[in-house]
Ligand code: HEC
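Form predicted alone, single chain, as structure tokens, below.
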């Protein structure tokens, strides 16, 4: 469970996502026009994907992807397949054969076939921790050749039956939680919660340096984020929908419990949207 406290650090993130993730969870950042080379290098955030294959940067549509709504056909679905050794073994085989070439063995979006894709493959090991069963099953089933994703993600519903798709959901979640160790077929990094926490801190520092948020707002964002992590750790099995849905529900719960104020929740949402619009949020 300790790993969930790190996992959420990148969400806001997707984020993941965006973690992705997202679909690293792989792939840029807004910097002032024509900055000195050294300054640009210091303020850049690694280009990552999120939400089953999303690009980054201003104008990339990250906010639209973050707010993508699960279609009625998939909304509310929960995984009927127990994440036992048998399911994970089946999911591992399917993932290695069909997914790792783009998303990488460790699910961090760094597979060899994904290097030239734009938007880049998502860090699904990360973003899967922050998305509902219905969202993940939808994206695996329908792929990314649709608004607002516009990615090379293949629609697998014609090739994989429902059980196989649910097995993949189980496996990528297990990758992100550290429950399984990825095979070494295509290459790529494993999810590293410490490294992701560092990326989150770097993102906040870059946002302050670029004037996207103030130091005081950075403190508020970080404090509320810590509360969200604790809620996330206790509600992994209750999540439905996309990242925006999850964020809204958890913030409402924190306000209802008196752990944050409505003003802090509203400020967090505003900061979060500015980070997305600036291309800083993963």
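What you are looking at is a predicted structure, and each value in this text was computed from that prediction instead of being measured. Positions refer to the first chain, counted from 1.
We do not show the form predicted together with the ligand, though everything after this point is about it.
**Student:** Would you kindly say which of 83, 212, 189, 154 lies with a heavy atom within 4.5 Å of the ligand in the model of the complex?
**Tutor:** Selected option: 154.
**Student:** Can you check 71-79, 179-187, 126-134, 199-207 and let me know which stretch has heavy atoms within 4.5 Å of the ligand in the model of the complex?
**Tutor:** Of the options given, it is 126-134.
**Student:** Each of 99, 144 and 149 near the ligand in the model of the complex, meaning some heavy atom within 4.5 Å?
**Tutor:** Yes: each residue has a heavy atom within 4.5 Å of the partner.
**Student:** Please tell me whether any heavy atom belonging to residue 160 falls inside 4.5 Å of a heavy atom of the ligand, as the geometry stands in the model of the complex.
**Tutor:** Judged by the heavy-atom cut-off of 4.5 Å, residue 160 is in contact with the ligand in the model of the complex.
**Student:** According to a 4.5 angstroms non-hydrogen atom cut-off, is residue 121 in contact with the ligand in the model of the complex?
**Tutor:** Result yes; residue 121 sits at the interface with the ligand in the model of the complex.
**Student:** Using the partner position in the model of the complex, report whether residue 92 sits within 4.5 Å of the ligand, counting heavy atoms only.
**Tutor:** No, residue 92 is distant from the partner.
**Student:** Given that the partner is absent here, does residue 174 sit within 4.5 Å of the ligand in the model of the complex, heavy atoms only?
**Tutor:** Looking in the model of the complex, residue contacts with the ligand do not include residue 174, since no heavy atom lies within 4.5 Å.
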